[in-house]
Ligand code: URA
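The form predicted on its own is given below as one chain in structure tokens.
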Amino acid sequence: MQLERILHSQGFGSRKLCRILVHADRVTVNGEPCDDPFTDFSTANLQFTVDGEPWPYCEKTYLMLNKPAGYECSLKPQHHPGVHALLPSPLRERGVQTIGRLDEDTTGLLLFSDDGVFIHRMGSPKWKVPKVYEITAKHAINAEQTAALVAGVRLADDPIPVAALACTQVSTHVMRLTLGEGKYHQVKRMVAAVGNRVEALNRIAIGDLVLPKDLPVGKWRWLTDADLEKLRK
């Protein structure tokens, strides 16, 4: 594939702008400078840099973000900055989407992709991909509350009880809740239904993929093949 097409496909602007980047000696490919935008390269395992920033060639994009509080999971945020502002412009240009949403004040593991099939597989209620939340509650947690969350609780807008896949108490005011579906403010409403209140909410896992302890809040990284395997189990 020609270099200008590679850069364009990876979100670095129009074909014309990508030619300008190459002619300006701002691009290297596999460690070597290239000033000809029409040079052909194999995209297999291709690595390139733009202005010294390394990028792998990705036919489809898969990444995770450790979401901070105060950000909306929307391309058109209304009251707070959008989570896409935490990503570099080439990823935004590619049109990556969040897989599901976290409330503005909810933190933790958030996935992005531009692969429609993957987005559907991870986000559709049909597949019931488990998601694990760590909840800090206002009041002390007891065994009756955790048991009720697993047995099922009724929410105001749904006559059918909603049940967690699992719920374990971590400390007096912290529990971990696993859900296989996602309704509007579901965790907060479920906890309220058992007589408690969510003070802080952090998503720590999706499927078998756990939020890495070394990924700082507000930072992102690519999903590895091992990460994707954990999600597709």
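The numbering used is simple: start at 1 and walk along the sequence shown. Since we're looking at a predicted model, the values are computed, not measured.
Keep in mind the form predicted together with this ligand is missing from the figure; the text below concerns it.
Chemist: Let me know the one among 26, 173, 188, 176 whose heavy atoms come within 4.5 Å of this ligand in the model of the complex, would you?
Modeler: Residue within 4.5 Å of the partner: 188.
Chemist: Work out which of 201, 206, 164, 65 lies within 4.5 Å of this ligand in the model of the complex, going by heavy atoms.
Modeler: When this ligand is considered in the model of the complex, the option within 4.5 Å is 201.
Chemist: Please run the contact check for residue 103 against this ligand in the model of the complex: heavy atoms, 4.5 angstroms, yes or no?
Modeler: Residue-level check for residue 103: yes, a contact with this ligand.
Chemist: In the model of the complex, does residue 71 come within 4.5 Å of this ligand, counting heavy atoms only?
Modeler: No - in the model of the complex, heavy atoms of residue 71 and this ligand never come within 4.5 Å of each other.
Chemist: Report whether the minimum heavy atom distance between residue 112 and this ligand in the model of the complex is within 4.5 Å.
Modeler: No, residue 112 stays farther than 4.5 Å from this ligand in the model of the complex.
Chemist: Counting only non-hydrogen atoms, which stretch in 179 to 187, 30 to 38, 164 to 172, 51 to 59 is within 4.5 Å of this ligand in the model of the complex?
Modeler: Going by heavy atoms within 4.5 Å, the stretch is 179 to 187.
Chemist: Looking at this ligand in the model of the complex, which residues in 133 to 155 have at least one heavy atom within 4.5 Å of it?
Modeler: Residue within 4.5 Å: 133 only.
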